[in-house]
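Presented below, as structure tokens, is a lone chain in the form predicted alone.
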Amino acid sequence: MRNTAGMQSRWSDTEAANCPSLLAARVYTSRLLGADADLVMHGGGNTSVKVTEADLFGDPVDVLYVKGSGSDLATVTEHGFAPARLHHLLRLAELDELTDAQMAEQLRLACTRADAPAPSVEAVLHAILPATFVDHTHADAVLSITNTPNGRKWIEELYGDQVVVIDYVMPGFALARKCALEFPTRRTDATVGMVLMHHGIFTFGESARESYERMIDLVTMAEDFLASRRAWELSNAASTDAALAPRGVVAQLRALLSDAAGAPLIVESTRTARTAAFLARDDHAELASRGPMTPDHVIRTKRVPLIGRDVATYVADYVRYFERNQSRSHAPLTMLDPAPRVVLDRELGLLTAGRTARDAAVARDIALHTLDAIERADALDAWAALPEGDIFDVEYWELEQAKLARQGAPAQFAGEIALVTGAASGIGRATAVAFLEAGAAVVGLDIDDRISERDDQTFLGIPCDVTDHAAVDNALDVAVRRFGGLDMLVLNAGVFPPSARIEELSVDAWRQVMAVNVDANLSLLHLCADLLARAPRHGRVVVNASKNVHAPGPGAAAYSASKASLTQLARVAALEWAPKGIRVNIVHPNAVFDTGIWDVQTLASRAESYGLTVDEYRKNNLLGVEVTSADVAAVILTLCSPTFAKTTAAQVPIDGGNERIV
């Protein structure tokens, strides 16, 4: 039975009418392909268009615009395509041999613009296909058929002479050369595409629409083929309401994965009806361990997932895999980190790891599509990935290694997670932004519901009253499911009540200040202790106290006392947690006026109590400078950095110098 949610054409005559050139049309249909995760994901697939352009001298030159390396079809622009001289590419296809390094160099030399991105490694393959537009995807439905023992037979039965079928060859020059030799002799007048076993599908045409809709038609045929053999519809678990694993279990697994990787990793947890159904299979471990959907995915997911939580055994197996296959390379190889990137565990569900939150999310998407393809292939015939040697060749491919090297050093806090309270404004917001810019994933808590307006791969905003212990507990569950643990805790949320002398201060007002500024932070420390103890690079806490701890002001009894109490709490935490490697440091800002606790009335009142104008009060310090939220955030980040790896219980003023303290 056909799945009505299957492949659909996204073509729009109205939108296409806005494409003034062949390249613009190429961008338009590339984005249509990229919008469908069942066709391509996260940089996968390639598209191209052949045009004739005038060079500097006015002479006509045939140019292949091919998707540049690193571009994503979902978001690609005209600048994401590399213009390469078609004649040069066709000459390359005539060579008997060409090393990967030589090919990369020649592709770069073929470009007509010095600022163009590096052409896709499949540029030569696109060049030899005799059509203006060429589309290439890794369609799930097609791979569900090709990745079976009888895959070639099924594909030939399905498509007949509409496609030329090419047995798997590693991407790059070898594949282009094979296609250059076989495709011309096997194509017919009916041929509209090409299927590369275990790799993907090509279509082509003289217009962007023709090539695109041929892709949709051929993939739809694959879906219908699977449906006709009861291999399309997938089962779902009856329930996914199983109790969540304790946060500490996930955090401990993250610690083990990070140790194996030699660097902190983000670990995302996914529990769906589909993952539950797959994990309920008695043969799920054996099926998932046969290999990836395409060799390209090994860069993101490793060859096989970790089944269960025995990281040490997985690492040992990976070392043996490397040792078995390293002789396949003519050049000496350095083993990549052996940490798994995908974990399948019946209690925990699907977990994916990466050096960044985006990497973990990419691995998740690939894993979810792979599980579906495995079950469809198994229902049709049997899941049969490529032999491990072929997967190894791509994982340790010279061109992929060079691409990784070009990425440079990771950001300072890559793979780490910071939780910031009071993150919707002021110092909290500035701190969250600073952590994000330094590569961390950030969880922001705030009583302001607007904190949830920004929710992307790297930032998780959770509306939360920090005085509500249960709400904070639930927020931590959500945070650990998203990122895997906690490395840095910034206790920033606080209230600064209106000025009131002691004889005017009510007990209720006093208790309200203490509830937010002291009790809530005790609750957070209590709930985060176990997570911080499992942080790969040891946990760090920064407490935002106040200058008032050392130099209280009139009319601020509740605030001053609460911040003094918070400081004392932090000092005790530093004493108790030092054996666990957790550092606890304190900052004492003063007169930071771009925060939520300051309004015009409060500022005027405080200035008046000191006998100063508002402007004088803003810069009432030894240096005569105004302190901003960004200034405080910079110090907080530094305290969490390796620079202060041997410092705990420090109290750092951020006040421009205060004569009452100096």
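Start at 1 with the first residue shown and count on from there. For clarity, a rigid core is taken as the largest C-alpha set superposing within 1.5 Å between two forms. Given the structure is predicted, the values throughout are model-derived calculations rather than measurements.
As for the form predicted together with a small molecule, it is not shown, yet the points below apply to it.
Of the residues given (Leu532, Ala545, Leu143, Val480), Ala545 alone sits with a heavy atom within 4.5 Å of the small molecule in the model of the complex.
Think of it this way: in the model of the complex, the small molecule has a heavy atom of just one of Pro295, Gly151, Pro589, Pro264 within 4.5 Å, and the residue is Pro589.
The shortest heavy atom separation between Ala424 and the small molecule in the model of the complex is within 4.5 Å.
For Cys464, a non-hydrogen atom is located within 4.5 Å of the small molecule in the model of the complex, even though that partner is not displayed. For the chain shown alone, Val516 is a contact residue for the small molecule in the model of the complex, at least one non-hydrogen atom being within 4.5 angstroms. Contact check for Gly43: every heavy atom lies farther than 4.5 Å from the small molecule in the model of the complex. Contact with the small molecule in the model of the complex, judged as any non-hydrogen atom within 4.5 angstroms, is confined among 380-388, 465-473, 209-217, 278-286 to 465-473.
The two forms, fitted on the rigid core, differ between this form and the one not shown by less than 2 Å at the CA of Tyr28.
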